[in-house]
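Consider the single chain below, provided in structure tokens and representing the form predicted alone.
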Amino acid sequence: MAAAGSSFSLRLFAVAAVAVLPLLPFVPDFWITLGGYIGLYSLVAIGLVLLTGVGGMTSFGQAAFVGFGAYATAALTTKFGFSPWATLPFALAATGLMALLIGLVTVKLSGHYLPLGTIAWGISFFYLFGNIEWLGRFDGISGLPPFSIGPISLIDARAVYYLIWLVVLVAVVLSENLLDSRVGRAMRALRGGSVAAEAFGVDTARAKLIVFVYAALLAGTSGWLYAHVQRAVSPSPFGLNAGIEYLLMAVLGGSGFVLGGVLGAAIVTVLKDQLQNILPKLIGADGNFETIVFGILMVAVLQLARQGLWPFLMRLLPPSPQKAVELSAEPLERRRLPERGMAVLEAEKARKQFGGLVAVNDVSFMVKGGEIVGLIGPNGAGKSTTFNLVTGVLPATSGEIRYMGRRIDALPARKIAELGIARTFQHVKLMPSMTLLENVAIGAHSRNRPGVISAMLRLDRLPEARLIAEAARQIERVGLTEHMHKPAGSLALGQQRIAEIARALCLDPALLLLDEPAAGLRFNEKQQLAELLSQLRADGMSVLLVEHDMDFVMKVTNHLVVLDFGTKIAEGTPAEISVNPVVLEAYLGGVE
């Protein structure tokens, strides 16, 4: 979601909320009550938007976190005499602690194991709530006090309606602020896989845990409100069926949009109420037939509108203006580049085996300061695997890799990135739905440190402006300024490859690794790329380049290392390599 689009949607939501207030006295009590429940469910759906639509983690167990918030306040108010307001910190603490413990295990799962894991603990907590004597077993806890402000009780549905939607508005604002920040971009980068995010300093495990706990806290807040609106809690609203409905709300409304969660909650809640009245009459029997309709609806949405209904609604409104980039913001601190000629990268007998397959066979080479080194060879020679060893994507089986004299072969990718090594990928790894500016800004993730709380409260605006300005400068540097606010997925393949270079430069690296950067580029674009590399070399940056275009390689490199079947077969200047018989044999099968 673009930052400008987010702020526009938020303003639209706030205006709509204010416009509805004068109408509430004329709305029947039934719809006021239903509107309150829509607000309660919206909190959970917003959390699922961030967890599933943004973070790429599917959860069927959010109803359990609603239960933690509800049972925590129910126990404290009925058994210890706490005020409902005073229980909120405890309800959030209990929910957050359980989310942290569960998340430490759950977020490590991938593929279908993650949703299966959430189903497992969702069912477990449902039966846990129903079998603890102190919590009333399956009968639950009743007699909870309502919210009150001084002598004014909020027991009336109209009175508590305002409280619920005030909390929803706060949740929307905090969530939008979080997404429009350094932390939010890291969260959105999770959907593209961990490899690219880790390559630019993102601690993906921490980012996953943050979004998991945040979504749980929103669910816990909903449970806290629900307990005192309903004035009773029991396990039935916190089971697997409720978890599935919450997920349907997020997917139906728009799993990549915060306000999509609110829209989805409204549609599912109203539709469920109406279907429960209509379907039994049509079928002539009692039962939860609305579940069948929801299943069909889920399949239809996934097939026909995978981004949900919110984008369709936004198309009916005028486009939001693009947010201006403050290029005058103070530049980020620059890295001191190594002296020319000093050893920047040293690989000494680097080896990588996959079982019995030797992908990189005791390869040794060096990259010096202010030098462009080409790593070439036929397909399957082990070039990209060597890149992955240098950047920490793969651990070396044996041998040593040193950067500025420090061994890095045992470091994770994000730590290597923080040292000053940036890379592009053989297969482009950009987030298609994010703008080019947002994609490139991820490259500067490790150069800025505002955290979650400062992002939610918009206390990070100064460092955020510096980071965005840096991204804009790098986009201008590679000649893609006119595409800055376009979704990265709308760019041509050649432009996406150039965009990856801009993202890598945003890290301010001392060593830049480019994996086939000229693939898919037209002649003029290759000329511009060659000029850019020459300028980087002149500035003192070191470059390790993998490329199949030999004309391009011969023109831009100072030194070449040739691999074949994972083994180094030659090394030297471009002129020497061009006449080396061993190299010609590997490429052409022999020469006369």
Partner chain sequence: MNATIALFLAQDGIINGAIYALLGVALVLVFAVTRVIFVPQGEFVAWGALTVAALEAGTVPGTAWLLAVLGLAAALLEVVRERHAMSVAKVAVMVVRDVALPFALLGLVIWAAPMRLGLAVYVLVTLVLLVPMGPLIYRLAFQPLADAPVLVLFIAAIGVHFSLLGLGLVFFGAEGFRNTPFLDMSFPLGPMMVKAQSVWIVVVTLLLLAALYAFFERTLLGKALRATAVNRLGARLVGIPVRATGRMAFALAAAIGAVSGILIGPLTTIYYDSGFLIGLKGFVAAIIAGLASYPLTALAALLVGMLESFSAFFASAFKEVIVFSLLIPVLVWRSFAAGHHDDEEEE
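Every value quoted in this text rests on a predicted model; they were computed, and no experiment measured them. If you superpose the two forms and keep the largest set of C-alpha atoms that fall within 1.5 Å, you have the rigid core. Numbering follows the first chain given and starts at 1.
Only in words, not in the display: the form predicted in complex with the partner chain, which the text now covers.
Participant: Closest heavy atom of E245 to the partner chain in the predicted complex, within 4.5 Å or not?
Facilitator: Output for E245 is yes: heavy atoms within 4.5 Å of the partner chain.
Participant: So, R206 and the partner chain: in the predicted complex, are they within 4.5 Å at any heavy atom pair?
Facilitator: The answer is no: R206 has no heavy atom within 4.5 Å of the partner chain.
Participant: Just checking whether L521 would be counted as a contact of the partner chain in the predicted complex - the rule being heavy atoms within 4.5 angstroms.
Facilitator: No, L521 stays farther than 4.5 Å from the partner chain in the predicted complex.
Participant: Any chance M431 has a heavy atom within 4.5 Å of the partner chain in the predicted complex?
Facilitator: M431: contacts the partner chain in the predicted complex.
Participant: Would you check whether the partner chain, in the predicted complex, lies within 4.5 angstroms of a non-hydrogen atom from each of V27, A157 and L169?
Facilitator: No, the whole trio is out of contact, none within 4.5 Å by any heavy atom.
Participant: Using heavy atoms only and a 4.5 Å cut-off, determine which of K368, H483, R402, R191 is in contact with the partner chain in the predicted complex.
Facilitator: Checked against the cut-off, the match is R191.
Participant: Within 4.5 Å, heavy atoms only, which of L92, I119, M314, L337 is in contact with the partner chain in the predicted complex?
Facilitator: Result of the distance check: I119.
Participant: Within 4.5 angstroms, counting heavy atoms, which one of the listed stretches 103 to 111, 325 to 333, 487 to 495, 146 to 154 is next to the partner chain in the predicted complex?
Facilitator: Flagged stretch: 103 to 111.
Participant: Could you list which residues of 271 to 290 come within 4.5 Å of the partner chain in the predicted complex, counting heavy atoms only?
Facilitator: Counting only heavy atoms within 4.5 Å of the partner chain in the predicted complex, the contacting residues of 271 to 290 are I283, G287, N288, F289.
Participant: Taking the rigid core as reference, does P412 move its C-alpha 2 Å or further between this form and the one not shown?
Facilitator: No, its C-alpha moves less than 2 Å.
Participant: Aligning on the rigid core, do we see the C-alpha of L279 shift 2 angstroms or more between this form and the one not shown?
Facilitator: Moves: yes, 2 Å or greater.
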